[in-house]
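One chain follows as structure tokens, the form predicted alone.
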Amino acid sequence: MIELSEARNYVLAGCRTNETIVVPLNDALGCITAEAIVAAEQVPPFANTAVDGYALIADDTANVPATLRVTGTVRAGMSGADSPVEPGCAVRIMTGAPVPPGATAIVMVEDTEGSPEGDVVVVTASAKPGQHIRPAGDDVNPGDPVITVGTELTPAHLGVLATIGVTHIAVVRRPIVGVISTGDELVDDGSPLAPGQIRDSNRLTLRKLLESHGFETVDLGLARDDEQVIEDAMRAGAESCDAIVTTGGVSMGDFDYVKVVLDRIGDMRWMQIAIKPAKPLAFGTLTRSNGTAVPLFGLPGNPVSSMVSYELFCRPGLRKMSGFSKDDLDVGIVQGVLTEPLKRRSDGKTHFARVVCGWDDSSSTYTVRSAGAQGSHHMAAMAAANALAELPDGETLAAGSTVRVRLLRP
């Protein structure tokens, strides 16, 4: 067996960062930026009001109640220049509207009395200069750095870019991932099972995992146990995808057509890793017709093992291809405290227990408990889990022990 760190380093070394492309903002969510963005305009572009109310001269409200004559109205999208504020007067104004010339403050409607349509307004609270006015450039000014290279674009980032007029941005292209299942024993059409058959759940599970993490997927289908069929599917996947994920046929002693084919057409390493579950892993590359190397992840066939292997190897490798830095390849690593014992025995392996992780406000700690049965075929417990607890080699961990936890979802 090899250590987890060695296997991960080998996988990551075979995953190269994709090229840079320019995409519309609408398609950039979750991408890693390949350029820095500097603002060319100010935000907001003009002084505007933060509230509905009246624009006025703050000194006119030194003594309240103060009765002022209403001389105009400014709504969002209008020019305030047509409704200047003079001493003893006020202008009705709506949130986001430009502050008219002469105004030094805004009072909220709640601090006034009188009809909104009336010619006068009674101000009941004194205003301070600048009150409720958002100055031009209060958020961003020309020359301000807005986005740096290597930023994972969130909805807020896209909103900032939109406010300064950016419509396209250079990012690292996210990989397209093909997923394939092989085996005569697998069925995926919902039909009654014949003796010896099982339902193919891994392909759907892995595709949805990939998609939930921002990767585009291609369903390469279910290939029967025929070398030519498997080779055709693998070669087609290499031509159309940036990476390929398969499940099954990677254990020691397996005689599997996938091994035969990949040993012939790929550059593969078949590994036995000192972890449980997900001990077997195959990783290597297929070569496209243009000479490009396409990473191939051969994950175990047991459903829980395939998901654990995906989190430990496949997802970090694909994040590297997407442009994430080496410090951001793993997601959601926290320290948690066991609320109950987690059973295990010393076997030279690191165990990844399926657990439920929560937050305890009183102690400001993450809490960890078992999600149920820990067999590599127990998908019900995997579905109940929201995290994997990393248990070092040794005996049962007692309640109160601190463990490293990998969050699977928020």
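Sequential numbering from 1, following the sequence displayed. Only a predicted model underlies this, so the values are computations on that prediction, with no experimental measurement involved.
In what follows, reference is made to the form predicted together with adenosine monophosphate, a form of this protein that is not presented.
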inquiry  = I'd like to know if residue 100 sits close to adenosine monophosphate in the predicted bound form, meaning any non-hydrogen atom pair within 4.5 angstroms.
reply    = no
Review point. Does the 4.5 Å heavy atom contact test between residue 208 and adenosine monophosphate in the predicted bound form come out positive?
Key: no
Contact between residue 311 and adenosine monophosphate in the predicted bound form at 4.5 Å, heavy atoms?
no
Original post:
Though only this chain appears here, would residue 303 touch adenosine monophosphate in the predicted bound form if you measure heavy atom gaps against 4.5 Å?
Top reply: yes
Of 194-202, 128-136, 67-75, 335-343, the segment with heavy atoms within 4.5 Å of adenosine monophosphate in the predicted bound form is residues 194-202
The one residue among 152, 231, 111, 185 placing a heavy atom within 4.5 Å of adenosine monophosphate in the predicted bound form is 185
The listed residue (317, 295, 249, 80) that reaches within 4.5 Å of adenosine monophosphate in the predicted bound form by any heavy atom is 249
